[in-house]
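Presented below, as structure tokens, is a lone chain in the form predicted on its own.
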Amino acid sequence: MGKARSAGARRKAPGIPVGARGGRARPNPNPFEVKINRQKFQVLGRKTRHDVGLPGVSRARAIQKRTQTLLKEYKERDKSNVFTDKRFGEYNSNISPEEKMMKRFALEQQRQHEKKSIYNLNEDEELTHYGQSLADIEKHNDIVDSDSDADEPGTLSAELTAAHFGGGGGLLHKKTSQQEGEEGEKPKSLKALIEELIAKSKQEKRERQAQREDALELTEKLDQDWKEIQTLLAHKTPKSENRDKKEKPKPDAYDMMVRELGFEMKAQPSNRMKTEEELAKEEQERLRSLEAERLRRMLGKDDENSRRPSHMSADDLSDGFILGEDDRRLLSYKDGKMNVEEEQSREASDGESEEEEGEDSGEEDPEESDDPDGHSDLESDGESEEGSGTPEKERRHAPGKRLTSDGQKAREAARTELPYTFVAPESFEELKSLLSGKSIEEQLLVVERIQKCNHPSLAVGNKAKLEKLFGFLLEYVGDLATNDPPDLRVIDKLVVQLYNLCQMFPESASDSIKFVLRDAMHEMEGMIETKGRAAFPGLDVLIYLKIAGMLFPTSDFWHPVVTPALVCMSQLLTKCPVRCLQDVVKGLFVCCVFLDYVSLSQRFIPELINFLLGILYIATPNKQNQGYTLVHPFRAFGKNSELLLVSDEEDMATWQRKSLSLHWASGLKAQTKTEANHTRLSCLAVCLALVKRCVLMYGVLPSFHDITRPLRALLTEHLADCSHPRELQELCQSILTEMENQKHHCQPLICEKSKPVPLKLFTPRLVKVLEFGRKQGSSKEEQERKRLIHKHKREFKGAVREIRKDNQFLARMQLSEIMERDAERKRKVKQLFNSLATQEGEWKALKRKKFKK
């Protein structure tokens, strides 16, 4: 077939000339640039397209097209030329053409008349001076008449000006020519002309004077007439009458406030606020000075300094001298003898008054001496002087004895006083020795002074010392909790110091708390492994759990200290069985701490609800299963299933509601039967109060009613037993009312209502076969979808191919630009080297020529 085609082509070529069919004559393509797309086999009825291609021609066309479009955009990539049409109203269809033309004409005129420059004064603008135009002033029309006595400006006649300043020649010639033309008489002489000009000027002067006098008379007359008319127009009352008639209005609230603001004291500049380091340094210096003074008083050195007279310079005028008490005696005589008895009685009365003052000063509150800022070192001398009840006579006779007794008292007071500076303890024993045997205020004062003397900003190692102090204080709190009875007041006061240290060093504080909790958990797990059950921990662990909630935020989703504490409390409520009243008190305390932890986050704690349910169960007299089940650590039947049950009506009648004390958690002493029943009722009251808190907290949960269904059943049983005190019954009734008032947030699951399933129909499925082959069985929409997918795929490939070619074209253009720049640079460098070589050759030739000479 190839030969037949070539033969046909040879036969057709010489017959028909190129362009005979009316087409444009094309140049014969280069046979080496023609690409023939051969087919594997012929298909009948298919028209072949693109069987012969010209890749070179198409490539040239593509390059030309990219040169005209893409290259032009590439060269203008950093240029922005925008044509903006600023003609007025060109694109506003609401304005008529006449209005557009009028407005454009007005804008053009305005633009022409605008001042081109603010410094260009040569424009059509009239400048004035005192209301007169400068152009008129420059004409000098107003010439002062030198002959006039008045200061008003006047004018000279043209004849006089010409006669005086023009030489008189022109004027005289003019006059003579006029006289000759009019009268034909003999012209006047120069002297006659000058006399005539003088007379004329005097006459004009008299006329101006007369006009000026007439104007003055008319002005005065007009003023008089105006005064007469003015009195008729408006009748004004005298000022005195106006004062009587006008009353000053009362100032309103706004005026009073404005006046008050005007009299208020303005803000005065104050000193800048000191930093924490500066405050710590000042506090340390103050404590050191007080401690040094205390040591001086304790050693007796302060008395020696007080005996020495104070130095006074020769220039001192004693401005600060104050005369206090005059001890001089008045000399008096009675019946010729000196009056001595009155003086003795006066001295005795003075001694008694001093003794009373000393007793009053000794009966003062001892707390004032413990105040760190009370300057007790300064008050001790005054107290010793006031407290001395010896009369002045004995003081005069034995001054040395009085001084020694005062010094001993001061030294004893200094020894009993707390030191002002403390070294940070290095062990728990040191801290315990510092705090043991002291009152609550003194212990707090010692801890506070340790922190102030060892502030982290004062020395390098103070931070580690205070971090250790937190652990020691925590251990000291546990030691106080294990005492019998526990010193809870000291623990309550020390929590403030623990909080301050925790704010300064949160990481070390969290490590200490976690260590304590980890130790308690390990102990409980070991007890479970050995004995099979665990007991509630001591009061120290419970207080540690309470302190952890006070020192760290409990509302976080996860916290490195609070989360382990929550896990620890949940383990206590689930693994520790209730065997005695002490366990009940500890469990209720853990429940209180649990509620404090979740009060903000309102996190649901199932262990808490289970424990409260068990407490209510062991306090219920009638054990009837009403749809609830007990879980560990409670049992439905057994030794402790009725631990909180009270059957004595007299004990119920004498019971009074009060809060449970933590002293009971440390160990209950031997109690009578009545005291034990009162304790059971108190535990039940606390349990009901906790249940009420849970109801109020968890009322928003969707499953609230399902959670509280067992509690509702047990509370109903409590109400059925009318032997309980009235307060407990009212509390149960209020809890049930709160449960009923909560809304139902969830609905029970119901099967969906669906239509009945229809019977199966055995109707044959008819599928229209549109085309055989690979598209068999597809509908028209499916064929259209496949066609669009195929077209999209083909266009996508073509677009990717064009983008790739555009990138290659731009890369070639950039490479050509780089090559051109490099060639230009090489050419310039070569030119520079040539010029330098020429200069070097000329310089060497000149040098050789000099050597030859």
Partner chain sequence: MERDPGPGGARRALGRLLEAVLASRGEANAVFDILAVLQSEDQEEIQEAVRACSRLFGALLERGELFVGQLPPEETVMAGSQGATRKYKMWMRHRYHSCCNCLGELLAHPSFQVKELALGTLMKFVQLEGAHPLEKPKWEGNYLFPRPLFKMVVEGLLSLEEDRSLLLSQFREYLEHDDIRYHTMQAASDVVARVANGHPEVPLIFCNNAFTLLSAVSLPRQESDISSFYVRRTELLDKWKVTHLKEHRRAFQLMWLGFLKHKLPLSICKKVLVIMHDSILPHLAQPSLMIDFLTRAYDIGGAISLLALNGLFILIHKHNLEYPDFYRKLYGLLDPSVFHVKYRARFFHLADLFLSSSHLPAYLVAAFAKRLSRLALTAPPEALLMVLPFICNLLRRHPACRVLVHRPGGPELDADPYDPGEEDPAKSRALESSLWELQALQRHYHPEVSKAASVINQVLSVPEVSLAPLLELTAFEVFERDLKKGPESVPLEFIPARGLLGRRDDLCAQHFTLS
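C-alpha atoms forming the largest set that superposes within 1.5 Å between two forms make up the rigid core. Only a predicted model underlies this, so the values are computations on that prediction, with no experimental measurement involved. Numbering follows the first chain given and starts at 1.
If you look for the form predicted together with its partner chain, you will not find it shown, but the lines that follow are about it.
Trainee: Within 4.5 angstroms, counting heavy atoms, which one of the listed stretches 636 to 644, 430 to 438, 104 to 112, 739 to 747 is next to its partner chain in the model of the complex?
Mentor: Going through the listed ranges, the match is 739 to 747.
Trainee: I'd like to know whether residue 594 contacts its partner chain in the model of the complex, with contact meaning heavy atoms within 4.5 angstroms.
Mentor: Answer yes; at least one heavy atom of residue 594 falls within 4.5 Å of its partner chain in the model of the complex.
Trainee: With the partner left out here, check for me: in the model of the complex, does some heavy atom of residue 752 sit within 4.5 Å of its partner chain?
Mentor: Although its partner chain is absent here, residue 752 would touch it in the model of the complex, with heavy atoms inside 4.5 Å.
Trainee: Can you check whether residue 557 is within 4.5 Å of its partner chain in the model of the complex, heavy atom basis?
Mentor: So residue 557 counts as contacting its partner chain.
Trainee: How about residue 475 - does it come within 4.5 Å of its partner chain in the model of the complex, if we only consider non-hydrogen atoms?
Mentor: No, no contact at 4.5 Å.
Trainee: Just to confirm, with a 4.5 Å cut-off on non-hydrogen atoms, which of 208, 449, 678, 575 contacts its partner chain in the model of the complex?
Mentor: By the 4.5 Å criterion, the partner-contacting residue is 575.
Trainee: Can you pick the one in 568, 466, 280, 728 that has a heavy atom within 4.5 Å of its partner chain in the model of the complex?
Mentor: Result of the distance check: 568.
Trainee: Using a 4.5 Å cut-off on heavy atoms, what residues in 647 to 662 are near its partner chain in the model of the complex?
Mentor: In sequence order, 657, 659, 660, 661, 662 come within 4.5 Å of the partner.
Trainee: Could you check whether the CA atom of residue 460 moves 2 Å or more between the shown form and the other one, using the rigid core for the fit?
Mentor: No, the C-alpha moves less than 2 Å.
Trainee: So, does residue 752 move by 2 Å or more at the CA between the shown form and the other one, with the core held fixed?
Mentor: The answer is yes, as the C-alpha of residue 752 shifts between the shown form and the other one by 2 Å or more after core alignment.
Trainee: State yes or no: after fitting on the rigid core, is the Cα displacement of residue 292 between the shown form and the other one at least 2 Å?
Mentor: Residue 292: C-alpha displaced by 2 Å or more between the shown form and the other one.
Trainee: Classify the change in Cα distance between residue 504 and residue 286 in the model of the complex as closer or farther, relative to the shown form (magnitude of 3 Å or more).
Mentor: Closer, not farther.
Trainee: Closer or farther: the C-alpha atoms of residue 494 and residue 288 in the model of the complex, versus the form shown, with a change of 3 angstroms or more?
Mentor: Farther: residue 494 and residue 288 separate by 3 Å or more in the model of the complex.
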